[in-house]
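Okay, so here's just one chain, in C-alpha cells, the form predicted alone.
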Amino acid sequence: CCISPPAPLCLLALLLPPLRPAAPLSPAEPISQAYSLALYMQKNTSTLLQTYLQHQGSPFSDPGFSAPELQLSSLPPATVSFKVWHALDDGERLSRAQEAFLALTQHLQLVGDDQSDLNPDSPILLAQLSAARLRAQGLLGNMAAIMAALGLPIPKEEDTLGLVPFGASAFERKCRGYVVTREYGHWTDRVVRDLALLKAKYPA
C-alpha cells in the first residue's frame, strides 16, 4: 500500500494560532529598582565625603571644611535652579543623570587610584570609593533599562576624563577627589528627586 506524504508545512502553519506580539516592557519595575538603589546610595554619600575629608589632612579635615567654588570641567555640576529642573521632561532628566553618572564612574576610578597612592593604608576609604563606583554603575544599568522601556535613546559612553595630568600634585589630587565625592552626593540627591517623579508617573 501507499503511504501518503506528510502535509505541507505551509498548510500546518495555517492551522496554528497567530503569534501574539510581545507585551511592551513596563518601566515601573526598573524605575522601582533604580529608586531603591538611589535611596540606598543617598544614605551613604555623606559618610563617603566625610571619610574622604578625614584622610586628606588639613585643610580638608578641618571642621566645617567646604569649598563650593572648586569644580571640575570634566564633571557636570548637579546644581540647577528649581525652575529649570521642573521644566525638564522625562527624557532630559534621565539623559542628564545618565551622562553625569557615566562621568562619575570614571572619576571615582581615578580618585580610587589617587587614594591608593596617597593613602594606601586606608582600606575603609578605598572600599567606600570602590563601592560608590559599583553602585553608580548599577544605577546606570537601571536607568538604561528605564530609557529602553520608555523608548528613549541611551547616551553612548564617552571618555569624560580626557587627558589626565599624571604630574598633578598631591594637593591637586586631593582637591579633585573632594569635588568628585561631593558631586557624587549632589547628583545622587538629584536623581532621587528625578526618580520619585517617574515613580509617581508610572506606578507599579
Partner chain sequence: MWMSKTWLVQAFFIFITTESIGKLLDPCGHISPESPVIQLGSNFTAVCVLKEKCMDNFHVNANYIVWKINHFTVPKEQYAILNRTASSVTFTNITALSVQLTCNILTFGQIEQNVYGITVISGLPPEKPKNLNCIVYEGKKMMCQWDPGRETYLETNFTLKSEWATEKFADCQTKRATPTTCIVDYSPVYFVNIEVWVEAENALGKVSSNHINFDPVDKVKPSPPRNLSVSNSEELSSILKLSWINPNIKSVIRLKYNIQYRIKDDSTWNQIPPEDTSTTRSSFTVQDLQPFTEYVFRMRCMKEDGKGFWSDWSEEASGITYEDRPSKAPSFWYKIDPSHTNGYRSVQLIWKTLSPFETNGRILDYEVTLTRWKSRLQNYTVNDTKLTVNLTNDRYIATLTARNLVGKSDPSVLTIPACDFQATRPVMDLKAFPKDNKLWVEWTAPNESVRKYILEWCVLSDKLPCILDWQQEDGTTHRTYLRGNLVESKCYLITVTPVYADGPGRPESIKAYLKQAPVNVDSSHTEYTLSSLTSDTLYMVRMVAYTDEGGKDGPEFTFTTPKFAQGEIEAIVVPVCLAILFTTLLGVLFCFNKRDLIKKHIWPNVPDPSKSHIAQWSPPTPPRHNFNSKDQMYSDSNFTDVSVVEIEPNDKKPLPDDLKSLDLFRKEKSGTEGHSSGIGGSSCMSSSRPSISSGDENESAQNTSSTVQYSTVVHSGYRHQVPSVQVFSRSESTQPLLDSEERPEDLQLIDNVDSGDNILPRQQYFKQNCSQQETSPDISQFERSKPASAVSEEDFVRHRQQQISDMVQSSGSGQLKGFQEVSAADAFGPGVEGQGERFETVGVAAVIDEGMPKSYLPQTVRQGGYVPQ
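Residue numbers count along the first chain shown, from 1. As the structure is a computational prediction, the values presented were derived from the model and not from experiment.
The same protein has a further form, the form predicted in complex with the partner chain, not shown here; the description that follows concerns it.
_Residue-level contact is defined here as any heavy atom of the residue lying within 4.5 Å of the partner chain in the predicted complex; does residue 43 satisfy this criterion?_
Although the partner chain is absent here, residue 43 would touch it in the predicted complex, with heavy atoms inside 4.5 Å.
*asked:* Would you classify residue 133 as touching the partner chain in the predicted complex, given a 4.5 Å non-hydrogen atom cut-off?
replied: Residue-level check for residue 133: yes, a contact with the partner chain.
*With heavy atoms only and a cut-off of 4.5 Å, decide whether residue 37 touches the partner chain in the predicted complex.*
Residue 37: contacts the partner chain in the predicted complex.
*Find out whether any non-hydrogen atom of residue 56 is located within 4.5 angstroms of the partner chain in the predicted complex, and reply yes or no.*
Heavy-atom contact with the partner chain at 4.5 Å: absent for residue 56.
*Can all three of 50, 61 and 181 be found with a heavy atom no more than 4.5 Å from the partner chain in the predicted complex?*
Answer is no for this spot.
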